[in-house]
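Below you'll find only one chain, the form predicted on its own, shown as structure tokens.
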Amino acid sequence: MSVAIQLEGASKRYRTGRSRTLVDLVASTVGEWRGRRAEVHSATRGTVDATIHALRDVSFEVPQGAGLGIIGRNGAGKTTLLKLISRVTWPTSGTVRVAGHVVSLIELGAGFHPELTGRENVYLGAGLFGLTRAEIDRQFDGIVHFADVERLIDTPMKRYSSGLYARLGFSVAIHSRPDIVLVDEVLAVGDATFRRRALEALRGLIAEGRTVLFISHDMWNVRRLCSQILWMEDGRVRAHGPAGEIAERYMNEVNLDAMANQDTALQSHRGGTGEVRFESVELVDEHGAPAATLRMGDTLEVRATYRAVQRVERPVFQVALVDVDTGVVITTASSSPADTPAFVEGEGGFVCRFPRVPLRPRQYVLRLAVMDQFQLASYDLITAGPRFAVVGQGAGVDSLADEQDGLVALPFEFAALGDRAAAGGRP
């Protein structure tokens, strides 16, 4: 299989901004006389390293017709990598080889003019991608239909929303016969229907033998589109391998870091009238150990203490599990009269137990409330309490079918219908 993209020891360095005041200029000049050219010397800010290493000795290959996901934290060098491949900039050292026509979707609609109509911008944008007018004429109806902007195609684009701008820009790009497509978080713009259509279009390009490099923080979309993942960190390649394996490693590390850095102070994101307040909330597993992370099927216990500043009759305690990314409430557990005393006053506590949690690997947050017995008034409401993460079990998220991603893993069974059903009758 031929290689579409090859990087060998590619590095990219930038210089920081120059001194901007007379005092800084003198200080920097003195530093240069002393041979310190790699630093910016400031009388007020001291010595500042003038070199930024955006990429450091990056080497990898992408075969033709492959989908490669590029992941990593902000500032890891992902966008700089795409700029090298698209020839927007050149490596400071090393080599970058690219075979084919490259279309870079770093900023959708970057070549559009807001005063021109959508029709005029289609011809302008497609021309910038290298299509002739005859080729644009043949592709025009498909471009407009894919973007779903037929009604507005003769309207100046300054009247388009950002989502419509993105639709038309993406449509023009993928209809320009690219060999290699570079996508940098552009699918975050637009509605869910557009994102699904865009992913399907990128899948179609890969099926046709085109090469796609896809940057996104949405690991589920990366896994759906790409067979391989390149994990960037501090300008270096942290890992490169099968999408399922690398995605699970990355998600687990991000989740663990989030758990380690979070503050569990219950004073933020808080409401309620104050007659009863939570004092502490602790997450533990079935053995009583702190449970910042769980695996699917583990047991989760929420142990909470509270203080009632006055006598409250039959309060209702509520614990909800909420998906961090989508805000979807997975489940809500409310205490019954049999679970709590007839009244609370002073200090107290409770345990809410979720046996065999069927949640998929993601981050979750607790929402807690203390309400009156009719659940009409909230004494305390914590909308963003402690977090926990469900991590993978080693099989990799790539082992899950698209339809099984979801938020929960419910038990199910498949069975073949009987002979009567096979013959067209009812089972």
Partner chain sequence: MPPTLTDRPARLSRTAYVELLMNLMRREIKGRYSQSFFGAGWAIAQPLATMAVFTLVFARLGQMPSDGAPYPLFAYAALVPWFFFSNSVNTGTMSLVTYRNIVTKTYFPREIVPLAQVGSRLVDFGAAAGLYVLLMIYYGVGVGPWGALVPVFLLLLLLFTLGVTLLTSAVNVFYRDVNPVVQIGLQLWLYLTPVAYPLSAVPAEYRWFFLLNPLTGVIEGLRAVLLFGRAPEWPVVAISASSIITLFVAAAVFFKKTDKYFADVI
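Source: prediction; values computed, not measured. Positions refer to the first chain, counted from 1.
Absent from the display: the form predicted in complex with its partner chain. The rest refers to it.
Student: Mind telling me which stretch in 294 to 302, 340 to 348, 122 to 130, 69 to 77 gets its heavy atoms within 4.5 Å of its partner chain in the model of the complex?
Tutor: That would be stretch 122 to 130.
Student: Of Gly274, Gly204, Gly111, Pro242, which one comes within 4.5 Å of its partner chain in the model of the complex, counting heavy atoms only?
Tutor: For this set of options, the contacting one is Gly111.
Student: Only one of Glu208, Asp141, Glu115, Glu313 comes within 4.5 Å of its partner chain in the model of the complex by heavy atoms, so just point that one out.
Tutor: Checked against the cut-off, the match is Glu115.
Student: Does any heavy atom of Thr89 come within 4.5 Å of a heavy atom of its partner chain in the model of the complex?
Tutor: Contact with its partner chain, yes.
Student: With the cut-off set at 4.5 Å between non-hydrogen atoms, does Arg224 touch its partner chain in the model of the complex?
Tutor: Taking the distances in the model of the complex, the answer for Arg224 is no, it never comes within 4.5 Å of its partner chain.
Student: Residue-level contact is defined here as any heavy atom of the residue lying within 4.5 Å of its partner chain in the model of the complex; does Ala99 satisfy this criterion?
Tutor: Yes - in the model of the complex, heavy atoms of Ala99 and its partner chain come within 4.5 Å of each other.
Student: According to a 4.5 angstroms non-hydrogen atom cut-off, is Lys83 in contact with its partner chain in the model of the complex?
Tutor: Contact with its partner chain, yes.
Student: Within 4.5 Å of its partner chain in the model of the complex - does that hold for a heavy atom of every one of Arg56, Ile229 and Glu248?
Tutor: The answer is no: none of the three residues contacts the partner (heavy atom, 4.5 Å cut-off).
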